[in-house]
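Here's a solo chain for you in structure tokens, the form predicted alone.
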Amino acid sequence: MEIRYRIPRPLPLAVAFLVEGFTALLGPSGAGKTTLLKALAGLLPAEGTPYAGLPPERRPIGYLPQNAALFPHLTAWQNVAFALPHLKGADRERAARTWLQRFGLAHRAEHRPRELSGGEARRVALARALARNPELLLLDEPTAGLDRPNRDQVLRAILYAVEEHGVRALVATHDPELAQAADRLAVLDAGRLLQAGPVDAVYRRPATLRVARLLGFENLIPGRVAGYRPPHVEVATEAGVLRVPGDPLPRGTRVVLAVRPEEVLIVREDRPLKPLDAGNTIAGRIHRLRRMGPVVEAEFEGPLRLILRLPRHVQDRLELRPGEPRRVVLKPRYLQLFSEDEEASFSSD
């Protein structure tokens, strides 16, 4: 399904991209994500396809706003039944309870919204949205403010809806981790679509430095082009010359290398590196460690200061300690190269 919309207010916005399976609409607060979802749902004036001109009640859409918007005076099953006006009596209740069972909420059917956790409330709202048998499911920040167990349950519910019911889902989020679970990704900022395409392709090659930042490339390394050895650009940095895949650039060009914390790797001294990777090693010390649920975040200090994130089981094996000397490797395939003065541009496929 192609989304092609022009919205005059409250935020001027013009976008065109594909929605297939689970599509994430990624961007910071104020980017226009909620504006687009409301326009698709018929709640804001807009021009474009699909659905423009149809009243909200005639659009084949299931819409889950940020606050779930459950009716506080109705039980969970009654909230779901609200989306089943074509059924009556026992058939309507039976269908509503079946939807709740599909999302692991059969035991909460008689509870009202104030008695549900945040994750449960959003799953009830998701069940209600799907009960309409929509052509397109719109979800606005469905995991915002949830702890990890509830967050993971909501994400599984979304994936279930896409995989089991064949519904297209457009999910607005500012969470790069949630976006990685999508089939396709559209990156939005200040009312502009910066890049769109299959999620792996967008993460593998962000179109601009701004896109890379939004995708979670937190480590930014300034440098200057020192040379070119096909297919790698050689970049002089405070940590020495680093190699990164790219096209030739004039010597001396100011650039920025970007790498995600998950892709800064601790060197295992008992495992030799490939020659190309070995040229991109940096010596320093572990400065600080923080446990963050199933991952451990580390700060690395040397010629460069870098943020690392590694699974807890890897930390258990490596036994990193603050103050100890370590080497990290910035593998060329994980580095992204950007011109320092580049401007955001549109890219989609």
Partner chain sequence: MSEVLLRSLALAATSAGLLLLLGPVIAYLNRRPYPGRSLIEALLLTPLALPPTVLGFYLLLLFAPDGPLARIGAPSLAFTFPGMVVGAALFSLPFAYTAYREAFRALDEDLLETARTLGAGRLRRAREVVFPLVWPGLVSGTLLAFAHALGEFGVVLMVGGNIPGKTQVASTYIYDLVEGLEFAAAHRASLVMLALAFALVYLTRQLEERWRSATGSRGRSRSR
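Note that the structure is predicted; figures quoted are calculated from it, not measured. Numbering follows the first chain given and starts at 1.
Here the subject shifts to the form predicted in complex with its partner chain, a form of this protein not shown in this document.
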* To do: Considering only heavy atoms, tell me if Phe300 and its partner chain come within 4.5 Å of each other in the predicted complex.
  => no
* To do: Would you check, heavy atoms only and a 4.5 Å threshold, whether Pro55 touches its partner chain in the predicted complex?
  => yes
* To do: Indicate whether Arg92 is a 4.5 Å heavy atom neighbour of its partner chain in the predicted complex.
  => yes
* Does any heavy atom of Phe82 come within 4.5 Å of a heavy atom of its partner chain in the predicted complex? -> yes
* **Partner-proximal stretch of 68 to 76, 256 to 264, 274 to 282, 196 to 204 relative to its partner chain in the predicted complex, 4.5 angstroms, heavy atom** => 68 to 76
* Asked: Among the candidate residues Leu188, Ile158, Val171, Ala129, which is the single one with a non-hydrogen atom no more than 4.5 Å from its partner chain in the predicted complex?
  -> Ala129
* Asked: Which pick from Arg114, Arg229, Lys88, His107 sits with a heavy atom within 4.5 Å of its partner chain in the predicted complex?
  -> Arg114
